[in-house]
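Next up: just one chain, as structure tokens, the form predicted on its own.
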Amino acid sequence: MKFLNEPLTENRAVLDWIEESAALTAPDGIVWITGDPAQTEELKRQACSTGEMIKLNEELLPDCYLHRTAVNDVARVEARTFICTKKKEDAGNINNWIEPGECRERLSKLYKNSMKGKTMYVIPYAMGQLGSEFAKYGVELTDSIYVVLNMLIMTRAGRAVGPHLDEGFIKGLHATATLDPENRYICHFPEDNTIWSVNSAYGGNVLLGKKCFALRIASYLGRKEGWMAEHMLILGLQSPDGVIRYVAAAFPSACGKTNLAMLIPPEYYKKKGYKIWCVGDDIAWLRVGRDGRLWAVNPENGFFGVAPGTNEHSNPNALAATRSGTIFTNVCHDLDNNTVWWEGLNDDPPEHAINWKGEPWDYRKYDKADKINTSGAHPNSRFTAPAKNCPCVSPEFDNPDGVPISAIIFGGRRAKTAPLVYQSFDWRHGTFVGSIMASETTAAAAGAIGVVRRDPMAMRPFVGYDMGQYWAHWLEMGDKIPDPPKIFHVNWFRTDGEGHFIWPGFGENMRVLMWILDRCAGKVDAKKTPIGYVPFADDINLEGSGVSKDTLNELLSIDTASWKEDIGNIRDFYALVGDYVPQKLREELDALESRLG
């Protein structure tokens, strides 16, 4: 092997795997990523010299860079994402499956000599705090400096990880290859702790510590080892007396997950001294603590956020996080200031700009009906920002023990069916509530409007094994947690007869969080309904919200007809998931139908 610097481990399992991967991909040399500033700066210089990245205005955006992917490589590709288990039934009906031997044979042809003339970078990294009970370790091999620099932001990577690498490390091999979309594969071998990604350079497909490891592989490990890997934000709500209570929340895409994670309290609560702390915006690993409660960490070290729509009003904390040390992907390049811009940032699009495709861009030709071709920034353009940049990052962010979770919150985008908030009867019923999570497609989404898409626990694209067995693991965890969090469901997106949102959302969502935490503390009662416990309107503080008591009562009402209509859709979804749907959840569905009358 042609190591161009000193290996960071002597572990034979790691070195043998690197040697095997190098023999397949044939790089000219191999460089270990140390995380040392001098090496990182040299990699940035190299990336700028080849045009892989563009350095932005050092005064306005210090240490920030712009990157563009190929126009056919701009998002996660669920259709090209596979779980490769020996038995198809272990991958389940929701996941795409390829038999492991067949997959390795097929992909080996694509990897063959794919790094010829390039350098292979070896990135040792940790998900979670090094040395903590939560931490897991991986190595990603890649031919992309862009991947290296993103992994240095998103994970705890480099020299300090080397001593932690053992035979159980997660193996990740990424090759940019030809970017052929027909031969693009993101494959997971959970039985072998391995991830293979080829023919993509988009972050969601190639930053292998993120969804690939931290959710798909980790969910499999969690089931095997007795913990949980979930697509959840973690936030802390601090009351004026200094007490902080934490919640974890799962939302499908376009349901306000990052905005909730970095919520700004409404003026009414801010004046009283309430604060919100962000522990994580995307992924939570949860374990039973020594005190019998469920404790959570964010295994990541940065934010990989969607740029369009992020602004001073929608999410000032996320915007602040991008102001230094950030990599922007597929946003608009403002040539006058050498900065970046995206739709929804402000009402002042740049006069002289290059769009996400690398073409001169005229904002006057923007057509909302054809965003892909007329926008300055791609609708899925991204920022990769260090978590420490966020003004509301939690003081407990680096706590190796994590934070204790008082409540788990599920959410979806429903026009009529779900009320603003309700609480499950118990953990088993809460698991059922998570299993039926759904959102309705909007005009902004492809396809028909109002179609219900089931996304259980917001994990539909991310479970590394059969969905029914994943639900069974949730039920088993309920038996293992002596003092479990209470489980709730929220819906910020209820509409009136003309399709307008009734609830103001954004910072006002804190009012619902306050009720949730009051319920966890036993401070307020609730009304028992067929779907769960619903607040009494007087127990949600509306002062300064602009929402009337009548509107709140409407938001909390149960649309029985919509729920009855939903039952058939849920049964169809359970049938799709298949034989492993736990009997307890089928019983919960029958009980719901019976309660609805």
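When you see a residue number, it is the position in the sequence shown, counting from 1. The shown structure was predicted, so the numbers you read here are calculated from the model rather than taken from an experiment.
Keep in mind the form predicted in complex with a small molecule is missing from the figure; the text below concerns it.
- Considering the small molecule in the predicted complex, the lone stretch of 141 to 149, 427 to 435, 291 to 299, 201 to 209 in range is 201 to 209 [heavy atom distance within 4.5 Å].
- Although the partner is absent here, Glu440 sits far enough away that none of its heavy atoms falls within 4.5 Å of the small molecule in the predicted complex.
- Proximity of Phe410 to the small molecule in the predicted complex: non-hydrogen atoms within 4.5 Å are absent; the residue sits far from the partner.
- When the small molecule is considered in the predicted complex, Asn93 lies well away from it, no heavy atom lying within 4.5 Å.
- Remark: Trp196 does not count among the residues lining the small molecule in the predicted complex, judged by a heavy atom distance of 4.5 Å or less.
- With respect to the small molecule in the predicted complex, the three residues Ser21, His174 and Asp192 uniformly fall beyond 4.5 angstroms at the level of their nearest heavy atom.
- The single contact residue among Lys136, Arg382, Arg511, His333, judged by any heavy atom lying within 4.5 Å of the small molecule in the predicted complex, is Arg382.
- None of Phe304, Tyr185, Tyr422, Tyr121 but one reaches within 4.5 angstroms of the small molecule in the predicted complex through a heavy atom, and that residue is Phe304.
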